[in-house]
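To begin, one chain is listed below as structure tokens, in the form predicted on its own.
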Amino acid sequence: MNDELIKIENLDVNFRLKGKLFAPPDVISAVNAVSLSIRKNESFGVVGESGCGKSTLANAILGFVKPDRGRIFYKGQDLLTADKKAFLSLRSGMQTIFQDPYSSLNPRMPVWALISEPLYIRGERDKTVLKARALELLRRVGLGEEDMDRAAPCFSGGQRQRIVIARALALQPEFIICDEPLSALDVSVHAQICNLLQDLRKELRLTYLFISHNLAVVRHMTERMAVMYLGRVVEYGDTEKIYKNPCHPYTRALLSAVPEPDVGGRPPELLRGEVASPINPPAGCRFQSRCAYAKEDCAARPDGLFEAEPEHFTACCMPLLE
């Protein structure tokens, strides 16, 4: 599609563990055969339990880890085959908001230096320019001039996350990865940060990859989403369609765990068994060991997604066939 900003094709990311003497190393399959696209000016969500590969996928896009296979396109250019100069030019348009604002900020630097540090790294040395840009960004995220010379420990968690967001905007990016930006914050400030991110996306025409465990927040923040399990995408498409008509058993289990004000809502679907090892994942469907609908042929079922309805893809629709 001509409105794609990010396109990922058959991405694999493996981590090799140090093995015993003379033995081959064990290989962790962190991301396996992932293909998806993120459109310009949209917010795209990624959900799944811890260890499913959400952050590894984000790190591969940013160049923090090197994929073993696949392709990643940004604005039509392959990031994995680009030379260093071209990659750095493209990379400046992609930034990230980290999960923990407490460890993301140097406690010894004043706020203006923290926010303008990306500009300094890119070669700007005029202190007046750096301070002016930092003040502009501080005001945009709801802080003020009186905060310019304060250090990070002087701020609350919500304020620190605002500083992290301001720093992410310093190079005027088009694409921002929000890697669980609410999980380290008090519940009382979740709505404030969500509204800030929404306002910035509209004002600056940003594109988000929004990673979260909070399914209610993902529904509020995103137009499309992907559900990951053990390194693979098991459901993908329009957020509202996935929430209203979850096709994959894992997606149904996740959504049934969301508290509902209506007592007569969807009954909980408890998962059985344990998560399979990413070192030796099962053949075929990786969810089969925990699935209440598993059949004998699940181990031989080919990988990939099929279209359950327009703008809604799934790796399994067994619950719908029961």
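Note that residue numbering begins at 1 and tracks the sequence as displayed. The structure presented is a predicted model; accordingly, all values stated were derived computationally and were not measured.
Just so you know, the form predicted together with a small molecule exists too; it's not on screen, but the next bit is about it.
Residue-level contacts in the predicted complex: of G51, G70, G63, P281, one residue has a heavy atom within 4.5 Å of the small molecule, and it is G51. Listed residues E180, D147, D238, E117 were compared with the small molecule in the predicted complex; E180 is the one with a heavy atom within 4.5 Å.
Contact with the small molecule in the predicted complex, defined as any heavy atom within 4.5 Å, is confined among 286-294, 250-258, 37-45, 55-63 to 55-63.
Contact annotation: A300 falls outside 4.5 Å of the small molecule in the predicted complex, judged by heavy atom distances. Shown alone here, V275 lies farther than 4.5 Å from the small molecule in the predicted complex, counting heavy atoms only. Residue contact check for I28: one or more of its heavy atoms lie within 4.5 Å of the small molecule in the predicted complex. At the 4.5 Å threshold, heavy atoms of H190 stay clear of the small molecule in the predicted complex, well away from it.
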